[in-house]
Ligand code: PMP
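For reference, the chain that follows is the form predicted on its own, supplied as structure tokens.
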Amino acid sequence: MRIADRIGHITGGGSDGWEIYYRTREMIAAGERVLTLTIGEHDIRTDRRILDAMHASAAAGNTGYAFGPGNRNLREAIASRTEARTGHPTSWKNVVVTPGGQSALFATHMALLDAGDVGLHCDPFYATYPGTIRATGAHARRVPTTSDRDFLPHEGDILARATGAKTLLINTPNNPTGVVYDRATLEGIARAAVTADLWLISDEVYDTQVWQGDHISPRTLPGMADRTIVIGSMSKSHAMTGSRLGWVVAPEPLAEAIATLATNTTYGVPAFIQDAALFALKLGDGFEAEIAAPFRRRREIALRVLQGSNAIRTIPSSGAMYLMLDIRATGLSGNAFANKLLDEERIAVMPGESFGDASAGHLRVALTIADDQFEEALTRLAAFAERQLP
């Protein structure tokens, strides 16, 4: 008996990049105090009102099969939210509800790529991006970015790697860098997508976490609505990570194809979770701002603590719950720095190498512990970095 080749194709034969996270969990389980800045998980739980709505729906009997692309009332709410944020007309027929943003990414790539095709994604990248593309049987090809240009993708770099490609996956606000793509960057991406005839898959799960500038969906740009797919989720905007509710917004024919895939894979999202999501969306922008507020505060704490550091350069962080720190002045790789920091200071961060080649020599810091602990961790990290200077 043997395992299908597609599983090895998904992993690409390399590390999953989460070794620091696994080490940290073992240390905590052994009773050690570790200040953990590794994972994009809120330090608050889902609001009790949302949980009450979920419970009430389940108790009312909404526990059966949730066949199809989602309840129409939820799809209408998502369409309305998307139209308000992108300025482009959006119907409930453009929306497919999925079990989280990751499922939305998987379903979209499955609907657009065949075995042997090429899907593009930017480097650095969220850890699952290459595997999601490869899960279709396609090949994942990286579009490199550079630290000195704030990890913004450029039109020429996309076109240089677009031969044979069918899709381009982008993420703004960005995980892992915290960068928000400006209009000029997105216009260059759009031109490249048109020139190379690419579907543009825009992961916008951090769209409520913008600290400087504006979130611009490429769907709003001229001529892009018919080739852009928007990925959304309740996880980051409403602290509902474990509820697993996301969505795809796509042209109707593609939405129908993704719904067909859902019928043969997930069989839909439980109705009581959909009802809770609808309730949560009705809490409005003010509630979403409350969920985002701690990350805004901690970004300011980090910028204050790291100001003037000789060992650390902070990549301009305009959004999301992360900072990317350039520690190449220490002479250490991201992996070496992160492991030594964990061993000596009991502070856990993600090495940049976990997210691709472009962020080697960097660290990703998640803004996801209480303010006082976060300030302690960044202060000690900065002092540790200074001690590593050659």
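The first residue of the sequence shown is number 1, and the count goes up from there. Quantities reported herein were computed from a predicted structural model and do not represent experimental measurements.
There is another form of this protein, the form predicted in complex with the named molecule, and it is not shown here; the text below is about that form.
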{"item": "Touches the named molecule in the model of the complex: D207 (any heavy atom, 4.5 Å)", "value": "no"}
{"item": "Y129, heavy atom within 4.5 angstroms of the named molecule in the model of the complex", "value": "yes"}
{"item": "R244: touches the named molecule in the model of the complex, heavy atom cutoff 4.5 angstroms", "value": "yes"}
{"item": "4.5 angstroms heavy atom contact with the named molecule in the model of the complex for T90", "value": "no"}
{"item": "Output flag, Q102, L105 and N171 jointly within 4.5 Å of the named molecule in the model of the complex, heavy atom basis", "value": "yes"}
{"item": "Option touching the named molecule, based on a heavy atom within 4.5 Å in the model of the complex, out of S217, T82, T185, S235", "value": "S235"}
{"item": "Answer option from T136, N175, S202, N94, heavy atom within 4.5 Å of the named molecule in the model of the complex", "value": "N175"}
{"item": "Answer range among 94-102, 297-305, 267-275, 154-162 for contact with the named molecule, defined in the model of the complex as heavy atoms within 4.5 Å", "value": "94-102"}
